[in-house]
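What follows is a single chain, given as structure tokens, in the form predicted on its own.
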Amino acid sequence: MANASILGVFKDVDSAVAGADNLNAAGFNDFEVLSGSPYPEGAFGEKPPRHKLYVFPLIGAMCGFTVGLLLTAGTQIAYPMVTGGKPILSLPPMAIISYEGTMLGAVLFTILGVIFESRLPRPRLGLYDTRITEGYIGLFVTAPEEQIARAEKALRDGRAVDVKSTLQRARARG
């Protein structure tokens, strides 16, 4: 049982909301809204997107702190310089370098997290319609192949201007 995707393109917000309501009524609660204009989350009845972006800075901060601590402690232990009876491992300089490592790790991992959560790079774009950048609204559904006909009917009943599916693309190729 393979999954297929379907994209319904709507001319205005009202017809897109009608299409989203039809999708929800047909049992397709997990769909994406594609739009060139910003709309509040949940405006079309879609589920709020789940992300794990907050994990990336935490992991980055822990890695940066660890690297900073190991760098300062390792350097001082590898090249011990006893000056005036002071301890080899001095905490104030270690704290400064560890803090800077923590911040650097958090920033770098946050950037990587944004790239990862944005699903970039995307070598295969999949279904898309260029009219979405011109103000149209797209509703994108991924479902088992057996349910795609039901999703297509729900989108067409919601006054979709055009409906595209990966099944149509596969039939056109082969």
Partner chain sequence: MHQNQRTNNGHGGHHRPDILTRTHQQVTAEVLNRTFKTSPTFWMIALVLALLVVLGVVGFIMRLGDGFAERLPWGYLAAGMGFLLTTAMAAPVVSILPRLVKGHWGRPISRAAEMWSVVGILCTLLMIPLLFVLPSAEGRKTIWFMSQVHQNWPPLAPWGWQIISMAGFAMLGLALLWVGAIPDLATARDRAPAGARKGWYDRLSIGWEGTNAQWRRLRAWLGLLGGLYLIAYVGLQFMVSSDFVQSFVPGWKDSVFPGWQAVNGFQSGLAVMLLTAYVLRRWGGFKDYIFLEQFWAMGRLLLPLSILFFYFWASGFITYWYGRMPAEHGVLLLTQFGPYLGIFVPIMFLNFILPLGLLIWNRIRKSILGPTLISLLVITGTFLDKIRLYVGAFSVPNEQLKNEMLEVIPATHYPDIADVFMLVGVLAGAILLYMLASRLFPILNIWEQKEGLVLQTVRPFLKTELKVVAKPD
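Here the structure is a predicted model, which is why all the values come from computation and not from measurement. Numbering follows the first chain given and starts at 1.
The discussion below concerns the form predicted in complex with the partner chain, not included here.
When the partner chain is considered in the model of the complex, only one residue from F28, Y136, F56, F65 comes within 4.5 Å through any heavy atom, namely Y136. Remark: S35 counts among the residues lining the partner chain in the model of the complex, judged by a heavy atom distance of 4.5 Å or less.
Put simply, I132 is close to the partner chain in the model of the complex: some heavy atom of it is within 4.5 Å.
Contact check for I115: a heavy atom falls within 4.5 Å of the partner chain in the model of the complex.
Heavy atoms of T110 reach within 4.5 Å of the partner chain in the model of the complex, making it an interface residue.
In the model of the complex, the partner chain lies within 4.5 angstroms of at least one heavy atom of each of the following residues of 38-55: P38, Y39, P40, E41, E46, P49, R50, H51, L53, in sequence order.
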